[in-house]
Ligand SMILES: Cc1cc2nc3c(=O)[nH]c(=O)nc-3n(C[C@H](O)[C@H](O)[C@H](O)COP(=O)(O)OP(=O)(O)OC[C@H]3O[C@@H](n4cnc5c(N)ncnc54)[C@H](O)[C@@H]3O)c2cc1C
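For reference, the chain that follows is the form predicted on its own, supplied as structure tokens.
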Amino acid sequence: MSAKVWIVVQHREGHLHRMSREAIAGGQQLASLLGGTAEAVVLGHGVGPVAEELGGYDLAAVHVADAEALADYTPGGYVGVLAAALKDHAPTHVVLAHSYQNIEYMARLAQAVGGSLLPEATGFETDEEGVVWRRPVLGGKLQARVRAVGPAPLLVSFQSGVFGGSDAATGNAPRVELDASAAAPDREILGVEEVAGEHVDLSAAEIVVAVGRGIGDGDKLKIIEALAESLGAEIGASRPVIDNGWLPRDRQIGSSGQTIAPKLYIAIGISGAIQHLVGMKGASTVVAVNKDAEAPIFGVADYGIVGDLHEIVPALTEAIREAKAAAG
């Protein structure tokens, strides 16, 4: 039986979630590796714009479950529709982004269809026995190579940043209506509130300037703020900076913080512990500044600068400002 990969997308206010674009890219690559097809699935109410956007990807089909009972996400609503659809259409793999919403219901869905579960995958390859998956263990300190041995379908969630959303192949996918009559919402949504305070979603930033304990003290962050301002970047940090109270918790990057995939990541005074690296490994370009030439961060950096960050960062900021001024 050839592989059939279903990609269940997440959306909000008529737009695909960033991580869903990454899941599409991953699902397409998985289908190609297995010689099968990739298809998208979208659930909700009034999801025409999302379905239209999905139609622009290289997919065999876009399955759409549009019903008032799915207007708000609930685990019961999603599991009811998806379980029935998976039994009817029998995909071999179901791919999702490893988001808070998806991990809430995917184990319940796997149980409902008698399938297998593999959360937070970071990659895959094939050997003579089939697909070998990679996923973090011990809080991201190690990467395990595992093989799924349970029954199909296999439900897989991909960690943020593993695939680039811009890498998803485009095409012209037909829309197919999906029966939504099995939707059974199991909670009433009273409202949705944004996180209060100065919370920042670093995963949405194209440029991130991250600082580590090498800065020395919290009162020395002004040079980091100036560099970020010159680049139009967000500021992130490694765990020691957060634990010392120099920056708020929502700025933490790593296995116990946010996982990001910016176009440009500048690591300043960060040694490069594995717990931090798992949070930024999806960055397209990495620049590292550290006085220790043997720091692990240089092993993943595209460009490295060895020296005193207190001298290098102000000079870099001034050079960026001058270049912008010259460009008009």
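Rigid core here is just the name for the largest C-alpha set that superposes within 1.5 Å across the two forms. In case it trips you up, residue 1 is the first one in the sequence shown, and so on. All figures in this text were calculated on a predicted structure; none of them were measured in a lab.
From this point on, the text means the form predicted in complex with the ligand, which you will not see here.
Peer 1: Do heavy atoms from each of Gly212, Ala273 and His310 fall within 4.5 Å of the ligand in the predicted bound form?
Peer 2: Yes: each residue has a heavy atom within 4.5 Å of the partner.
Peer 1: Work out which of the listed stretches, 249-257, 166-174, 70-78, 217-225, brings a heavy atom within 4.5 angstroms of the ligand in the predicted bound form.
Peer 2: Among the listed stretches, the partner-contacting one is 249-257.
Peer 1: Looking at Gly115, Pro240, Pro185, Gly161, which is the one with a non-hydrogen atom within 4.5 Å of the ligand in the predicted bound form?
Peer 2: Result of the distance check: Pro240.
Peer 1: Taking 4.5 Å between heavy atoms as the contact cutoff, choose which of Val287, Ala295, Ala61, Ala51 touches the ligand in the predicted bound form.
Peer 2: Residue within 4.5 Å of the partner: Ala295.
Peer 1: Using the partner position in the predicted bound form, report whether Gly269 sits within 4.5 Å of the ligand, counting heavy atoms only.
Peer 2: Yes, Gly269 sits close enough to the ligand in the predicted bound form that at least one of its heavy atoms falls within 4.5 Å.
Peer 1: Looking in the predicted bound form, any heavy atom of Lys291 within 4.5 Å of the ligand?
Peer 2: Output for Lys291 is yes: heavy atoms within 4.5 Å of the ligand.
Peer 1: For the heavy atom contacts within 4.5 Å of the ligand in the predicted bound form, list the residues of 88-114 involved, in sequence order.
Peer 2: Residue within 4.5 Å: Tyr100, and no other.
Peer 1: Any chance the CA of Phe124 moves 2 angstroms or more between the shown form and the other one, core superposed?
Peer 2: No, because once the rigid core is superposed, the C-alpha of Phe124 moves less than 2 Å between the shown form and the other one.
Peer 1: Would the C-alpha of Gly77 be classed as shifted by 2 Å or more between the shown form and the other one after rigid-core alignment?
Peer 2: Where the cores coincide, Gly77 shows only a C-alpha shift between the shown form and the other one that is less than 2 Å.
Peer 1: Relative to the superposed rigid core, does Ser256 relocate between the shown form and the other one - that is, does its Cα move 2 Å or more?
Peer 2: It does, since the Ser256 C-alpha is displaced 2 Å or more between the shown form and the other one after the core fit.
Peer 1: With a change of at least 3 Å, which way does the C-alpha separation between Arg21 and Gln258 go in the predicted bound form: closer or farther?
Peer 2: Farther apart in the predicted bound form, by 3 Å or more.
Peer 1: Your call: Ala121 and Arg249 CA atoms, closer or farther in the predicted bound form versus the shown structure, by 3 Å or more?
Peer 2: Farther, not closer.
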